[in-house]
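Quick heads-up: it's one chain on its own, the form predicted alone, in structure tokens.
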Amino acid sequence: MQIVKDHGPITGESIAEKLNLTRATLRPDLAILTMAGYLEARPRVGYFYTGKTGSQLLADKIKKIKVADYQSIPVVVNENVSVYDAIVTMFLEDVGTLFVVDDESLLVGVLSRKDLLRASIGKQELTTIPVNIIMTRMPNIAVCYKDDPLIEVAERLIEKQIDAMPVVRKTEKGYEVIGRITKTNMTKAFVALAKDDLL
């Protein structure tokens, strides 16, 4: 890398010559440095140093991760189901957030653990209260799209202090829920990044 820093742009042959190696011997090393982002190669020009630090390269890698790479299957309930049924669904599906849809399967609300806990405190009959009474409604719902950068969605989860966000597809009538992004999805991405399984 120092040779490329000092003499770039420089051809592979020239680098090999300075190191008293053959071009073939050097090829795998140059390929690794290029794939890692430390060097760039241009045909008929040669190699040059990108000037990026390890943390800058990591940041570039993180910014390329899309929601679609880590989204999971959404758990949805109809707006007319009871609070009791929503609690049972949340428990059986082992999720912290339910997305509420109307009869046309369009997003109309979100239910968190807190919403359901709040509704269950007191003497109400949970089997008779529909979730549309207690849910957070549109347009107060943060949504994301499958092509959004995952890092931006993570920032919005933190900013809004929520555990999950629906991944939606915009239609003429409204938002169709096609996935979910949760703090668990973020953790999986973080672990994969640490193990260098990404990209």
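One-based numbering along the sequence shown. Between two forms, the rigid core is defined as the largest C-alpha subset superposing within 1.5 Å. Keep in mind that what you see is a predicted model, and the values were worked out from it rather than measured.
The form predicted in complex with another copy of the chain exists for this protein as well; it is not shown, and the discussion that follows is about that form.
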Another copy of the chain in the predicted complex has a heavy atom of only one listed residue within 4.5 Å, and of 168, 150, 165, 131 that residue is 150
Answer key: of 146, 63, 137, 173, within 4.5 Å of another copy of the chain in the predicted complex (heavy atoms) is 63
Residue 155: touches another copy of the chain in the predicted complex, heavy atom cutoff 4.5 angstroms: yes
Residue 10, heavy atom within 4.5 angstroms of another copy of the chain in the predicted complex:
no
Contact between residue 183 and another copy of the chain in the predicted complex at 4.5 Å, heavy atoms? yes
field: in the predicted complex, residue 48 touching another copy of the chain (heavy atom, 4.5 Å)
entry: no
Those residues of 169-195 with a non-hydrogen atom no more than 4.5 Å from another copy of the chain in the predicted complex are 183, 184, 186, 187, 188, 189, 190, 191, 193, 194, 195
Note to self: Checking residue 27 here: with the core superposed, does its CA move 2 Å or more between the shown form and the other one?
What the structure shows: yes
**Request:** Align both forms on the core first, then report whether residue 16 has a C-alpha shift of 2 Å or more between the shown form and the other one.
**Result:** yes
When you overlay the rigid core, is the Cα of residue 174 off by 2 Å or more between the shown form and the other one?
-> no
